[in-house]
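We begin with a single chain expressed as structure tokens, specifically the form predicted alone.
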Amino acid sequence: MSDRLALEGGRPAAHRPIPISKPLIGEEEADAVREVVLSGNLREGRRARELESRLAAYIGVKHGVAVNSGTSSLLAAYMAALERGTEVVMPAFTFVATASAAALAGLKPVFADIRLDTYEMDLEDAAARMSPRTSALVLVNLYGLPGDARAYRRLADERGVRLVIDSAQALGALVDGREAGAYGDLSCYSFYPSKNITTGEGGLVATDDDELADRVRLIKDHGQRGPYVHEVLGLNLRMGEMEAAIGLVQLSKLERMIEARRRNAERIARGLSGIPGLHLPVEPQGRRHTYNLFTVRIDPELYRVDRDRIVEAIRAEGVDARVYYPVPLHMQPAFGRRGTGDVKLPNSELAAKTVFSLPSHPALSDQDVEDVIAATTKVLDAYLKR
């Protein structure tokens, strides 16, 4: 009997499936873009400057530098702050851009294991993998939950290295009341449509360091301050005015959207609590989770099928469950060829086999939330070992 037939009676997949993410955009964003289009000034300009200023103030740093993607924010930060050929210690369980941008900037990613409760890089394992060649630690605020930024700040200062924070999924996450990215020498954000705010495509580098901010600005514009005089090697990583116009409207909605995410996550967690072998997201004391994704983990020994079958069955019920990320970076072919393939990182490997994410975005209706709970409960109950 197929999974679909075995779970007959659920929400048909063809009937308005609930997406894993959905940007909350409307007439205000459309009006802002229309204004830019009719002005004829599409290139980076005053709106991008205003977005940089407002985001810097929100994060609590002196400088925000807008770029055209989250990946570009990482690339520009690495290029601006770190010496080519040095090592950067980062988690193996994250999106590829954390490491690929480092490698493209001429750095060597050194992968460390994670904690299974928060999915952040394990502090002790990271410290053990540092060497005289280490130039930076990279703390990733995965799924919208900030890591222990204070502890990583202390370790970076003790070892004399930079702290880069990849906060692509976590704009608005707090550590002891302070925006999580404010703890980094440089912090990087993404404004892809699935993120806490969107500009369509876009990103930001945030820093308190005047010199680093200046270098990031140079790098994102071909290394030039004025026309055709190039001080350093750079790229075109600029954010256009249409994207910035969307971002300004989105930023005004950010706190409301985070609160909606948190309400949805609280209801989903309450609805799924008590299911055997299901680990729900945690929110350590002093940290604010933004729930960019509501990510759970199963104990595989308690279920008759693997995680992928469970995800397929939930999707068949009309809920767009997804896996972020099924292959840890130290096992990716792109990095295995760089001598990292023989590293054993058991928590990262276990997470990659057992996590899946559910919708918690602010566009969910009350009925959507109930359907997410019902579909997930139904599938897990069907496959639980008795």
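All of these numbers come straight from a predicted model, not from anything done at the bench. A residue's number is simply how far along the shown sequence it sits, counting from 1.
What comes next is about the form predicted in complex with a small molecule, which is not displayed.
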Heavy atom distance at most 4.5 Å to the small molecule in the model of the complex, all of Thr94, Tyr192 and Lys195: yes
Stretch in contact, per heavy atom within 4.5 angstroms of the small molecule in the model of the complex, of 255-263, 300-308, 210-218, 184-192: 184-192
Pro359, Pro328, Gly70, Gly64 - the one with a heavy atom within 4.5 Å of the small molecule in the model of the complex: Gly70
Residue contact check: Gly147 to the small molecule in the model of the complex, 4.5 Å heavy atom: no
In the model of the complex, Leu74 touching the small molecule (heavy atom, 4.5 Å): yes
4.5 angstroms heavy atom contact with the small molecule in the model of the complex for Val175: no
Contact of Thr295 with the small molecule in the model of the complex (heavy atom, 4.5 Å): no
